[in-house]
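The chain below stands alone and is given as structure tokens, in the form predicted on its own.
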């Protein structure tokens, strides 16, 4: 199929070309993803939006190098992806912090030893300041809130300066106020760092609020149904006519998805 985007003049950071993925279930082939093709420009934020079971997380795992595709290929800055690498940082729904390490030690866990202790701590302190946790470096994870833990998880990835930040519904488990605060933090960080971001979500409002483009996925098997360009200034006003119109269009696209035969493989 024809590649979707990017909509800017920037060179592509990520290319997904004809990616499909099958699983074997009780001896039969079950297609999960079929002919997924799109590009993401440097510094662009792209949302993968769709219902449960459409393969969003499977696609993100393939981009991260956690699992192979059955067909097609993924390129990061022109290089094929076939395993995890430092050019792709992943933030999960669960923070996955090491409970015996302090906040600062968690953030600096993956930094190169060649920086030296002082250099590593300077980078960690800088990143903790960016995510609003400058005074919490010596705390253990059990002493901070769930939202703060997600800030630590985000800092732990960004301090490694990956080419692309991959996020699998990282705010889904948070309460509404904390989720809003994390949205504002991600927007501020992206504008400051010009970080390329691909994130998975079930929430059309979250997708339109955060992304430059929204890719809506179908089910059974997972395909790209439609692309929406979010040509709205930041910060976005959720009650503005433009925002509400685009949100309605995205919801309508989700409502047009084909009925799915029940399957055993979740997204």
Partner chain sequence: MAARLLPWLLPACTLGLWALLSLGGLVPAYLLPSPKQVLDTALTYFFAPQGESYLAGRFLGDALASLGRVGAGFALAVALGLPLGLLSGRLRPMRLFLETFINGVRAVPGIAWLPLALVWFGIGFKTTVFLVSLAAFFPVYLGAASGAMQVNPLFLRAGAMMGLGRVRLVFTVLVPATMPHVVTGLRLGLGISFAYLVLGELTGVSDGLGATIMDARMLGRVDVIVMGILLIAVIGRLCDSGMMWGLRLFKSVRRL
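This is a predicted model, so every value here is computed, not measured. Positions refer to the first chain, counted from 1. In this text, rigid core is short for the largest set of C-alphas that superpose within 1.5 Å between two forms.
This next part talks about the form predicted in complex with its partner chain, which is not shown.
Legend entry - Contact assignment for its partner chain in the predicted bound form, among 81, 144, 97, 174, heavy atom within 4.5 Å: Here the answer is residue option 97.
Inset, instruction - Check each of 193, 140, 71, 122 and return the one that places a heavy atom within 4.5 angstroms of its partner chain in the predicted bound form. - result: Partner contact (heavy atom, 4.5 Å) among the options: 140.
Inset, instruction - Considering only heavy atoms, tell me if residue 88 and its partner chain come within 4.5 Å of each other in the predicted bound form. - result: Yes, residue 88 is a contact residue.
Legend entry - is_contact(residue 105, its partner chain) in the predicted bound form, heavy atom dist at most 4.5 Å: Yes, residue 105 lies within 4.5 Å of its partner chain in the predicted bound form.
Inset, instruction - Report whether the minimum heavy atom distance between residue 226 and its partner chain in the predicted bound form is within 4.5 Å. - result: Residue-level check for residue 226: no, no contact with its partner chain.
Inset, instruction - Check whether residue 61 has any heavy atom within 4.5 Å of a heavy atom of its partner chain in the predicted bound form, and answer yes or no. - result: So residue 61 counts as contacting its partner chain.
Legend entry - Candidate stretches 71 to 79, 178 to 186, 151 to 159, 125 to 133 - the one whose heavy atoms come within 4.5 Å of its partner chain in the predicted bound form: Only one stretch qualifies here: 151 to 159.
Inset, instruction - Would you mind checking 206 to 222 for residues with a heavy atom within 4.5 Å of its partner chain in the predicted bound form? - result: Heavy-atom contacts to its partner chain in the predicted bound form: nothing from 206 to 222.
Legend entry - C-alpha of residue 162 moved at least 2 Å between this form and the one not shown on rigid core: The answer is no, as the C-alpha of residue 162 shifts between this form and the one not shown by less than 2 Å after core alignment.
Legend entry - Core-aligned CA displacement of residue 142 at least 2 Å between this form and the one not shown: Moves: yes, 2 Å or greater.
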